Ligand SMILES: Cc1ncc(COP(=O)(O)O)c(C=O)c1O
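Have a look below at one chain only, the form predicted on its own, in structure tokens format.
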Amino acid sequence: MSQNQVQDTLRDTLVELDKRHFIHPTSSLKQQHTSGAPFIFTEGKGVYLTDISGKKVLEGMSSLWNVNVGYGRKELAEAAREQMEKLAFTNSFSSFSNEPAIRLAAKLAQITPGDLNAVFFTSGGSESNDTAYKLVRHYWKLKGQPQKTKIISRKKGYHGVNIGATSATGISPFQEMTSSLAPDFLHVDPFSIEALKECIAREGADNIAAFVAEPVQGAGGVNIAPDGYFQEVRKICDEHHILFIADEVITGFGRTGKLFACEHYNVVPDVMLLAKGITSGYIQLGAVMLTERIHKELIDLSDGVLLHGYTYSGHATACAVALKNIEILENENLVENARLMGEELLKGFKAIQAEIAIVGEVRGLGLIGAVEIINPVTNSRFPTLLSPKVSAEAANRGLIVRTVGFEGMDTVVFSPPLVINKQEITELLSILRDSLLAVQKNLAD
């Protein structure tokens, strides 16, 4: 049997096992059961992935917005190995601790904006969101205002898929999937200060615990705030004694060309949510950052045990990997690279926009961006979504992207690893251009 035949047999076996046993997240169950996985990846290096058939593709999404330092980083594998050999895991309950968790907490306090100085560790972004909602409500309860329970979030915002995180998410299909949303979550238009003010006036500031927002909306279509928006949000929250939670799960650790996206707006939140880029996806980890003031008040007002925690909060190996990941970001100047390569990416988007009629608005901030698809005649979305067709064409040509096809959008989104260079940006743009032209040509035909 030839090597190709061996590979084909292995792929066929894995496809059948995958279809039979693996329930994929955020996937079509029917399509998966019928067709199987379009890619079974076996190797990654830099900005590229290779599947079991030997096909190499440029990862235009850093997987799920998170492989910031790129694939195949032996330093991160070595950091995990060294820590596992010494102490893979020990729980952090009852004030037990470990050195990597302590050092990571101190490092995060050093690099996050303002006086965000205290950390609660989680296993990912959804857990960070649910933890934050629980902590801010606990905070107001300790302060003698237990009625402050409502959380205001934004339409098109994405905050995860736990019950609380799903309830905060402002994307309809995620909410429609379940019949058991948590109470006391409100949604306002994403960039309307007036809508926020009206919501506070209607609900009463004395009933609102927090406002939560992504500095750049990611899964909702890479929507970037207008100038002055977050400064005004900060002012309103302060005036009404509402905590401001910044969800930096996607935008943190260099994604936008700043270490944290809040720095673009010179705003310090009361609570900051982290995950994804904290380890570049090499191991599961998330975090909730609190300001010095809130941390001190929680200490001063608490009487008894903080009855919230996860088995893997402060996981020693995960924290060791995160420390090494942050070291790589700093030593290789990847935040600045994200800024520079982001400028190249946006420049390329604009060139494609000028050339291809079905391309509408393009936008980006650092290495997170979006290209909208429109009917040039009506200047609105086509009746049938085209972004999935663009994604399929791109995948065939060797580029992985994601699409957003809800809430009236038809958008291709991008989030390549921060290690991407100018030649790889050119390759990404070339494949995107060819894919868009192919879809446009099929329309004409």
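Numbers follow the displayed sequence, beginning with 1. What you see is a predicted model; the values in this text were computed from it and never measured.
Another form exists, predicted in complex with the named molecule; not displayed. Remarks below refer to it.
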Requested in this report: Verify the flagged residues 369, 414 and 427 against the named molecule in the predicted complex: is each one within 4.5 Å by a non-hydrogen atom?
Outcome: no
Query - Location of the named molecule contact in the predicted complex, chosen stretch of 322-330, 243-251, 224-232, 182-190 [non-hydrogen atom, 4.5 Å] - result: 243-251
Query raised in the report: Wondering, does residue 281 line up within 4.5 Å of the named molecule in the predicted complex on heavy atoms?
Result: no
Query raised in the report: Is residue 164 a contact residue for the named molecule in the predicted complex, using a 4.5 Å heavy atom cut-off?
Result: no
**Report entry** Touches the named molecule in the predicted complex: residue 270 (any heavy atom, 4.5 Å)
**Finding:** no
**Report entry** Contact label in the predicted complex: residue 257 to the named molecule, heavy atom within 4.5 Å
**Finding:** no
Report summary line: Students should find that, of 160, 348, 170, 100, the residue having a non-hydrogen atom no more than 4.5 angstroms from the named molecule in the predicted complex is 160
Report task. Go through 117-145 residue by residue and record those having a heavy atom within 4.5 Å of the named molecule in the predicted complex; state none if no residue qualifies. Result -> 124, 125, 126, 129
